[in-house]
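Before any questions on binding or motion, here is one chain by itself as structure tokens, the form predicted on its own.
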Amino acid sequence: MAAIYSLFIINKSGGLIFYKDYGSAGRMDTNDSLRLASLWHSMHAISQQLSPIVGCTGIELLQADTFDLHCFQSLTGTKFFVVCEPGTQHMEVLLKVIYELYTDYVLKNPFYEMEMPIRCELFDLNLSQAIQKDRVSLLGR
């Protein structure tokens, strides 16, 4: 069973710009993934406003019985979140690696338009390698 179920990247407006399923039991169709991304964006924004802690950046971890959802928000407002097995460790590191891949292969791509869906072969290839490397390192822990 894979430690990582899926990866979402949401632009600062709440639009889903990237979704990748890594073999979760309940595959989502396009509408469900769009709904989930929009819902997460809204919950993240509301949590920032309702937090009693000054400077709160929103929800970073949502734990449920059947999954954990880890989130990283960049300074530009782009959100990266991973849905994974409950109790999976070191997802913050993986999210930062994914963010680095995003900056290297998507933002530096002269043909990419900001806030639009990501269609970049080098990003996909390097992302798959990073996820595979993370899975291998999880097995060794």
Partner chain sequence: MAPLAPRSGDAVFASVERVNAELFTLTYGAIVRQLITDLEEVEEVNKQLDQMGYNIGVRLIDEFLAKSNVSRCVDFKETAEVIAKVGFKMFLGVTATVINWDAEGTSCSLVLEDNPLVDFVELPDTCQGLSYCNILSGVIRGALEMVSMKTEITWVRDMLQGDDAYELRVKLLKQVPEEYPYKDDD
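Positions refer to the first chain, counted from 1. None of these values were measured; they are calculated from a predicted model.
Just so you know, the form predicted in complex with its partner chain exists too; it's not on screen, but the next bit is about it.
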Counting any non-hydrogen atom inside 4.5 Å, which residue from 107, 34, 62, 28 sits next to its partner chain in the predicted complex? 107
Only one of 12, 133, 20, 119 comes within 4.5 Å of its partner chain in the predicted complex by heavy atoms, so just point that one out. 12
Residue 79 versus its partner chain, in the predicted complex: is there a non-hydrogen atom within 4.5 Å? yes
If we define contact as a non-hydrogen atom of the residue within 4.5 angstroms of the partner, is residue 75 a contact of its partner chain in the predicted complex? yes
Closest heavy atom of residue 39 to its partner chain in the predicted complex, within 4.5 Å or not? no
Would you check, heavy atoms only and a 4.5 Å threshold, whether residue 85 touches its partner chain in the predicted complex? no
